[in-house]
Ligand SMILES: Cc1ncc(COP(=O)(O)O)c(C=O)c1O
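Only one chain is shown below, in structure tokens, and it's the form predicted alone.
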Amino acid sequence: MPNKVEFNNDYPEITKSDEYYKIALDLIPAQTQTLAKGTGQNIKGVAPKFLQKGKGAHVWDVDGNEYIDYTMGVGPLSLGYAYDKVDEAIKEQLKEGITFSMPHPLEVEVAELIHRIVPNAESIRYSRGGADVVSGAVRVSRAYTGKNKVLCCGYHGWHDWYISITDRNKGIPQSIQDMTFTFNYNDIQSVIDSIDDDTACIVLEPFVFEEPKDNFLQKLRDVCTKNGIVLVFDEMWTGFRISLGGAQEYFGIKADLACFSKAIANGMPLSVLTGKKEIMSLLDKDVFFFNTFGGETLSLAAAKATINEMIEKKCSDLFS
């Protein structure tokens, strides 16, 4: 029997969504904490504005309407909403505590998992959001190379070094704006033309809208090696998704540093900076990158359960 797709001819009732939205207009700048979740992404008067719950690939809005969520929380729900094994791991850890006055064993256990499956993850540092660890990568790259400028390609969060090159750069000093530049994906000549003796690192999403062509990533690796530039992969989207070891494993290209978040903990707030020990060792003392909630155990418990589930189910099979 052929598949049949039917569209709902009646728009969903979104009265409660609109009520929340009216309050948010006065209290919350842009009415959202995450730009990609804002109402500007959707059809006004038709799409819901506030979701109440989720299970698997389905979500329900505050008015009780059910939908399939194709964006899965804009990326983090790698296994699906309310995934039993992950939720149970969180509940069990909650009984023992969330944040402690000393490191927790989960910090070591999750680091061991990441070290085992992510290429070049010789050293691991945790934080909360993707922008944190990419900015950490930029800082440690500058310290390691003694250089200042950054080349980037893709979206890398809200911190000064990156957002200064966008049209949302109010509040960023000109001196910072002058140290970040962009290049075109799949255009190695644009990279070569942009680097100079003060280029500390090249940061990019390994791919987003198009696949690498003409051996682009390997050529980029070669350019960085030749010029003493740190190569940083921003793997917020590719990590733990296209393969267990992310783009480095999938394409067989080793970055000097790699940054992960989103898929790693199935919705819990956790980000990870990984890379070569000779670079990451600067985080021992010379480069300050610490945070109060880096060892928060609920997110680490979720990450451990999520990664183990991917290993058990085979990441490539799970997402194919």
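Residue positions are given as counts along the sequence shown, with the first one as 1. Keep in mind that this is a model prediction, so the values were computed, not measured.
Note that the form predicted together with the named molecule isn't included here; everything after this is about it.
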May I ask you to choose, among 201, 89, 114, 236, the residue with a heavy atom within 4.5 Å of the named molecule in the predicted complex?
236
Ok, 129, 212, 80, 119: which has a heavy atom sitting within 4.5 Å of the named molecule in the predicted complex?
129
Among 187 to 195, 150 to 158, 213 to 221, 170 to 178, which stretch has residues whose heavy atoms lie within 4.5 Å of the named molecule in the predicted complex?
150 to 158
Can residue 262 be called a contact residue for the named molecule in the predicted complex at 4.5 Å between heavy atoms?
yes
Taking the named molecule as it sits in the predicted complex, is residue 205 in contact with it (heavy atom to heavy atom, 4.5 Å or less)?
yes
